[in-house]
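Taking the form predicted on its own, here's one chain by itself in structure tokens.
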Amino acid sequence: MKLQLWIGLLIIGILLGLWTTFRVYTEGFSLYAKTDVLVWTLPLSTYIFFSLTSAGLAFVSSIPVVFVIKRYEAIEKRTVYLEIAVLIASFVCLILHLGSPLKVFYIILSPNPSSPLWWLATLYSLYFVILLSAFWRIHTGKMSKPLGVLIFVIAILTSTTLGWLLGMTDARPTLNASFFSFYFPLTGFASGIAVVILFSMVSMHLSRQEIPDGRSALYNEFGRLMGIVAGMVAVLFLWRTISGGISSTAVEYGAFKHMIGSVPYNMEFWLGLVVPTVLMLIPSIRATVWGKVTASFLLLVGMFAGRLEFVLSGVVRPLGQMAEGRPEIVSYMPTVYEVFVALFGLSVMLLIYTIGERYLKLETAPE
């Protein structure tokens, strides 16, 4: 009964997303809060969140293959499957950000090696095919090292290329391509660890399974690793803030001041980085299920808010001719259809995972 209710809720989320897809396809971007200034909004930030989380999961799943740490094989199958589910969710949000699936096909079929957007489309297509092959290998036998290495390499390429794409233009001075090209993979890694811990803990709790002693030690190790990575990200986050305040020009400083006073910025720092770091570096809390679940959930909430902050920080200050007749900082509030896009991606991901958890024995390790 509980499973049926859960699936029913996810189907409602998907139906709302399909309705939004139809409306966007027939009526265009007037359904969003997009303007000629706010060209990036919630659908894009949700895509970035899912995309980087999938890359982070790839880093986690590659550990037993690339770095030959055998004890991580226990969570390899679940992690690869989560990569697939999260990557599909990112595709859903990206398509609705672009407005039509045809635009995605056009990008792929119109080669332009000088464009990071074309490289992203190509890499994602290759990434998806390799992930499906890798999961099939794990499900039927054992993960192959070449596939594991490929997943690891492509995850690095997609996460760094995304930073290159979004920060490549001088018109967005608060977005630093060189900074985000290494900040994105690190935050993705933190999100990937959090997803593995959260979904593993919740799945075992709902199925009323006892966590084996070996797995319990592994999840505690994961919690400690998540705390360390979140702490590293927090240091980079503060450095970005300090350097932005010191080196910003007069034009950039207005957007910088708005950024550090925004709700998403503070959610990312305090909820997504500081609290999880503190929780996971206290051994007595790290050893508990509630501690790991709370830290993982807060980190993901903070990262989601951080992706929105990142997107808005590059567009809230009108530049050039766009600034004529407009306030120094434009305000943004997502429309209900933008919220439906985020809900659509989340519902698709959760439904795919629920099916896998029920029928594909995700708790088993490769032989």
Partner chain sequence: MKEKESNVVTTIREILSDAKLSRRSFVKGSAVTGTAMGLGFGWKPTLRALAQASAPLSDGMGEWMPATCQGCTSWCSKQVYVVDGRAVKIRGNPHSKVNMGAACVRSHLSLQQVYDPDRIKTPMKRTNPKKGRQEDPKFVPISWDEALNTIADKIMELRKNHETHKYMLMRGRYSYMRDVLYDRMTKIIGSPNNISHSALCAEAEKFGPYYTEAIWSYRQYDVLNAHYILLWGADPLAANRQVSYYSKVWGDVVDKATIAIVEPRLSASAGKADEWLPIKPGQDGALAVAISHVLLTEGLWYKPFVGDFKDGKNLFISGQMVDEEAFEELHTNGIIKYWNLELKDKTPEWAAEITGIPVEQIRRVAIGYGKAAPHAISWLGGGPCMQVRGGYSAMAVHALNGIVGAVDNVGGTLKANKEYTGKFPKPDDFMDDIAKKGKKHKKIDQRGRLQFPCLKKGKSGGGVITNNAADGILKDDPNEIKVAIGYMNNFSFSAPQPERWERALSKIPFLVHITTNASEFSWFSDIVLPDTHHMFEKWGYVKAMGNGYRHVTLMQPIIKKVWDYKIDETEIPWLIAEKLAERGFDNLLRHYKTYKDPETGKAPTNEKEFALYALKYVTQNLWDPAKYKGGDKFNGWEEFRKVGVWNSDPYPFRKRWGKMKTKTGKFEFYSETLKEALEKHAKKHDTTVDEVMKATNYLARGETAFIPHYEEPFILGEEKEFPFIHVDHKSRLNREGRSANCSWYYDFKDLDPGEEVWDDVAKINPIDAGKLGIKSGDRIKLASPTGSLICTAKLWEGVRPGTVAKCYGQGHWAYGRLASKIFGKVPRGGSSNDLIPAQYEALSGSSAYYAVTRIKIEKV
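Quick caveat: nothing in here was measured; it's all calculated off a predicted structure. Numbering follows the first chain given and starts at 1.
Just so you know, the form predicted together with its partner chain exists too; it's not on screen, but the next bit is about it.
Next item on the list: Work out which of Trp270, Phe182, Trp239, Phe105 lies within 4.5 Å of its partner chain in the model of the complex, going by heavy atoms.
Entry: For this set of options, the contacting one is Phe105.
Notebook entry, point to check: So which of Ser100, Asn266, Ser203, Thr160 reaches within 4.5 angstroms of its partner chain in the model of the complex, heavy atom to heavy atom?
Noted result: After the contact test, the surviving option is Ser100.
Note to self: For the interface check, one of 295 to 303, 66 to 74, 52 to 60, 322 to 330 should have non-hydrogen atoms within 4.5 Å of its partner chain in the model of the complex; which one?
What the structure shows: Every other range fails; the passing one is 322 to 330.
Margin query: Test of understanding: in the model of the complex, would Leu109 fall inside 4.5 Å of its partner chain by heavy atoms?
Written below: Yes, Leu109 sits close enough to its partner chain in the model of the complex that at least one of its heavy atoms falls within 4.5 Å.
Check: Would Pro113 count as a contact of its partner chain in the model of the complex, using a 4.5 angstroms cut-off between non-hydrogen atoms?
Finding: Pro113: contacts its partner chain in the model of the complex.
Notebook entry, point to check: Is Trp164 close enough to its partner chain in the model of the complex to count, meaning some heavy atom within 4.5 Å?
Noted result: Contact check for Trp164: yes, within 4.5 Å of its partner chain in the model of the complex.
Note to self: Would you classify Trp119 as touching its partner chain in the model of the complex, given a 4.5 Å non-hydrogen atom cut-off?
What the structure shows: Yes, contact at 4.5 Å.
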